[in-house]
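Subsequent text provides structure tokens for two forms of one protein chain, presented individually as structure 1 and structure 2.
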Structure 1
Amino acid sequence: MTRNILKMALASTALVASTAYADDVTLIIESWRNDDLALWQEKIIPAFEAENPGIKVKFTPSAPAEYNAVLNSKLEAGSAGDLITCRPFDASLALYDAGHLSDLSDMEAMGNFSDVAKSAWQTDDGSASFCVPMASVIHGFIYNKDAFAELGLEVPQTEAEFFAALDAFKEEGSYIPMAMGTNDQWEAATMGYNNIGPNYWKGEEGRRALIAGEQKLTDAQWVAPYATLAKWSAYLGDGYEAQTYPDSQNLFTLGRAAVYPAGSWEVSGFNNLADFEMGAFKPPVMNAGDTCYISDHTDIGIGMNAASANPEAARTFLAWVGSSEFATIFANALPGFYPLSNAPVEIEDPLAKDFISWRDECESTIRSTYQILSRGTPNLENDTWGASVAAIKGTETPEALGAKLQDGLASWYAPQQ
């Protein structure tokens, strides 16, 4: 620990020293991704500095749990860096509303991003974008290729095939068909409901209609995923009710389970742990040939401090973040976190490649509860956790769950009243 701090101190003095003799502009990046410090210092920043002489960049992350508070107080005090790594949705929107983030809508690089990608860092009416989308995580299922080969199973494409495969594992008995628990609750919602759901509510179409108040959570397309989740419990391990998230990760990487409902952020961790071959398949569709929808959830963006002394240099950097060069470096250094730009990116990690290949075949959307709908009390995202768990355990009917969520949302959200 102390040694690391020493190293960081040395590294930062080195950076200060190198800027001292040149008349360079130095940009400072605020971030919560302290896991990525090495990646930024060794790969991203040198690549940028090589292309843009005269601009130096310093990556200064703080701990994830403290980031929001630290950043807010720095912004208030006027000591925050030039570039701000943006959390998705309301946290960053609040910064923009408070005048801490610049409007970047006029930037050319913004044209490289789809509307879905930009939605996490826009005002509610979409008129202003204030962060360049940097990375997303994709949902799907990771499976044990060896186990599938052992039983001679094909990768499921439709829901019927999906449950047939799980049935086969259940009958055969040497693998737990699916590794997931309900103890921590969020997996049921994030890797359950919001993973399979977009195929039912047709991705963006349903999500936007829900926000506009044209669809309700009691509608068939919003209730049906709960009915599907209810079927999952038969394939989960014994005592899944008390199984935690790390339990599920371990069960799968130890090779004891066949399928793992996943987010792509698991890729690098699983690559290090599992000694069998893994693949990923996208959430199954109803009938073969149906349009598929995937949850391609926006997670990290980067914006500009409105009080920055070097707005020109900061914009240069942001434009570069929107380029395919940045996308390639980032995607390969952090398999499982995908750049959001439309620029084609070559990813080497086979498992990470599986996930991103769906972008070409399927429509992207984000988690249904994240934009606008979780602003009030009761909180729709938290309620969805509980509802997804209740659906899997079968303690309540899908219809009752839909009605309960709708009541909660309607109690504070005007378009749903």
Structure 2
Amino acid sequence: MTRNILKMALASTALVASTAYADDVTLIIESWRNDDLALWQEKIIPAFEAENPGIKVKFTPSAPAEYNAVLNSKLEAGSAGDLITCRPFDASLALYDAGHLSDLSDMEAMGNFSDVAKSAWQTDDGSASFCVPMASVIHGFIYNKDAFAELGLEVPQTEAEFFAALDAFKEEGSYIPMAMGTNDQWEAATMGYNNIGPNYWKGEEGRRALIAGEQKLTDAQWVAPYATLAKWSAYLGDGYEAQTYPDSQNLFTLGRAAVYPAGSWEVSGFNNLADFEMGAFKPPVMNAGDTCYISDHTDIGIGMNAASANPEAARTFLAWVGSSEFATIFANALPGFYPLSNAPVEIEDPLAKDFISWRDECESTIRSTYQILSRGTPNLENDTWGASVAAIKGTETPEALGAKLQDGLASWYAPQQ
């Protein structure tokens, strides 16, 4: 009898152990952010697993340039991970439309995000949300505080002050006034046109009017930023036409340039490279006291593979991503990438704090070409790259560039016809 009881007890213990093991779930995250591997392994995943025993998480990034192709291949083959890191707008919308991403609209955590934050990962009518917003990046200018102090310059607030500062650096000669090249093209649009442009087209007001067909790319507010970019060439240094994005990064972090047109994603990298104090200033307004607008661009979200074998565990993870705890960990582990949740987050990094402080001062918008307007051929985003380069080089007039872009958009986009 005693022996039978002992056998039953051992069997019961074995059953409990077996059940616990069987209930352990491992979630696989697909991502293009291979630079963030240590962040996930050392900070984010341990924090989640500590609160959610029985759920393990593996972060398995691909090379950024290969991510879309690799992910699509995995999804078609049925071998993709449970959680899909989402790029903003059309690439992720296409995954949802193809049935690869689940609708997350019913998740309570989605209530922690504004409509603008969710818009990057929604259907056009907003009826379905398929990725939890994770982070945005903010555009502006990073500057060398030591260089400004040497010349006794204040941080520019208006365009006149901005160009006066660049003139001072050009005349003094110790620094390239501004580090940016046109070889890779995208910087001219991303850190040029879509950086300064929102102050001209009034952020969301202009962007939404363009989508609705109520404004055109030939209107003054869309052409004027090209005229301003045309002035930049005088300050970019010799050979800027052949200068690559890494070249520009090196020129600034080595202390050879005074100003760098930037996205906040540069913060952590620049902190590790520059041996001088840096600050950031927002895109200058035309006149003192004007409302300022910043590109606070929705950049990273995360959704659930509709074919995941672990949907309950995946939703548990996504709910946690929508929490203030995740926002705080992510924002301070990866300074320059800003949480999109409504929860207040205390940012520790000084340079990252400069960027996010503008949310309290300015109206936020996103890059003008990213939602809806680059779905056709010609692609407005890619054409804006070329137009921004042409403006800087002075090879075409701002008016001609606006007309060319408008003709291209109107050729396939009905509201602009």
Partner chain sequence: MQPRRIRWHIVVFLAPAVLVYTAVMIFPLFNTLRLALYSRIDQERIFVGLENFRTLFFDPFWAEQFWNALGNNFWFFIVHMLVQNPIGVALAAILSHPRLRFAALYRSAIFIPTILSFVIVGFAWKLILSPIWGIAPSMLDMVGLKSLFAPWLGKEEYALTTLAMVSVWQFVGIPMMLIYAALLTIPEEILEAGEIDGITGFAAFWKIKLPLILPSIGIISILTFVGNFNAFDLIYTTQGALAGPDFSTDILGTFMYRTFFGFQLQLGDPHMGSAIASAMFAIILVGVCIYLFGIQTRMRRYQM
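Definition used throughout: the rigid core is the maximal C-alpha set that superposes within 1.5 Å between two forms. Just so we're on the same page, residue numbers count up from 1 along structure 1's sequence. Keep in mind the model is a prediction, meaning the values are calculated, not measured.
Matching the description of the form predicted in complex with its partner chain is structure 1; structure 2 comes from elsewhere. For Gly197, the Cα coordinates differ by under 2 angstroms between structure 1 and structure 2 after the core has been superposed.
Once the rigid core is overlaid between structure 1 and structure 2, Asp82 counts among the residues whose Cα shifts by 2 Å or more. Relative to the superposed core, Leu254 shifts its CA atom by less than 2 Å between structure 1 and structure 2.
Overlaying the rigid core between structure 1 and structure 2 leaves the Cα of Asn52 displaced by 5.0 angstrom.
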